[in-house]
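The data below hold one chain only, encoded as structure tokens and taken in the form predicted alone.
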């Protein structure tokens, strides 16, 4: 079976969030179970800055979109994990700083429809150049138009019998544009009629268009698959469409790259360790203290961490509301992330006012994210919704105990600690409130003060297997089912 993935980001070349981690690992995991997988990705400036150019395969070819022909060249490269990547070169659209947001304005690029429309149309052209494919696998709203375009008409081409699947990594990001923009993508006029596949309250909705056109739908945890059909809190207005197609929707949890995220050989860490010998974790905690300017000799205070996009979904406001009580309890907090300026400024002010208790770095820094995961004792993830989540799995693998809201993939992967049985891997709370977060964190800190219980809790987390192997086998079975219709 041959599967062509289409995505707007892919680690380590172009990463904004967890989607990149998935698309940077899943094709390789699929190859290991006998699926011939490749990925189509824009040739962004930051990809070039990493020294990745690729070898020309075809083009420049005029990719037509909205009455304009965009010159696109296909370049073939090999991902560090060994699978082929087709890079779409179109300098006018992709040779700029940023992937989704203009760093100068901190707003989405005004030509996003064209940027990702060319990705979708260009991916379908690449699919024809590179042979026959059993499945086109589009990831999120940026690639969803490829599914709708494929359904709209590729008869008498190598794609005539190619089926399509769409992954919803986050139903809250839907690709909304003015309805007239549908003409740019050359979608069928009927798709934009009131209530049509691409129409959503008088706007063009690319994610909805993909949901309606796909032969199979997937999301990244079993709980999230139930949540997004349950109502607007998680479906964001698409719950009705998803319920209509529920027979085609599956939840397959993500794995993590257990080679990149392995404390026993992580090149980013000042000391390495494993479940059998965790002594190196103390040196990692000491290194975080050194970075924050704290006393390196006093590691007794519990160290909490947040590594996240600072947006409403992730609940940074809950951490900010809980912060005085957390610091008064004796804990310290390190924060790494970027997002809403409101939250960036709030954490920056908090660090300035309580420098002995909180340290903040605004931005994204992959090596630092690894060092924080290794150096922290407790990781906070108070997400209002979380389709899968990866950091809670990274944390457990690094011996850092997660405190999470019990939603989506967090509910599926973090088991509440039970001191009477010694089972569990972290602490959960239900309500999206700072009070509930504080109560769960208090349970974590109480356990931290019991070295024997804490050691058992940490061991439980580090013993969990979150590798991609099991998920890849489930994907393969699902693909085969979609292929049979």
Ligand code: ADP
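If you're wondering where the values come from, they're calculated on a predicted model, not measured in any experiment. Positions refer to the first chain, counted from 1.
As for the form predicted in complex with the ligand, it is not shown, yet the points below apply to it.
- Contact annotation: residue 273 falls outside 4.5 Å of the ligand in the predicted complex, judged by heavy atom distances.
- Taking the partner from the other structure, the ligand in the predicted complex has a heavy atom within 4.5 Å of a heavy atom of residue 369.
- The closest heavy atom approach of residue 73 to the ligand in the predicted complex falls outside 4.5 Å.
- When contacts are judged by a 4.5 Å heavy atom cut-off, residue 461 does not count as touching the ligand in the predicted complex.
- Think of it this way: in the predicted complex, the ligand has a heavy atom of just one of 390, 401, 211, 204 within 4.5 Å, and the residue is 390.
- A heavy atom within 4.5 Å of the ligand in the predicted complex is found for one listed residue only; from 192, 221, 164, 308, this is 308.
- Just one listed stretch, out of 236-244, 335-343, 223-231, 84-92, contacts the ligand in the predicted complex at the 4.5 Å heavy atom level, and that stretch is 335-343.
- For the partner-free chain shown, nothing in 417-442 comes within 4.5 angstroms of the ligand in the predicted complex, judged by any non-hydrogen atom.
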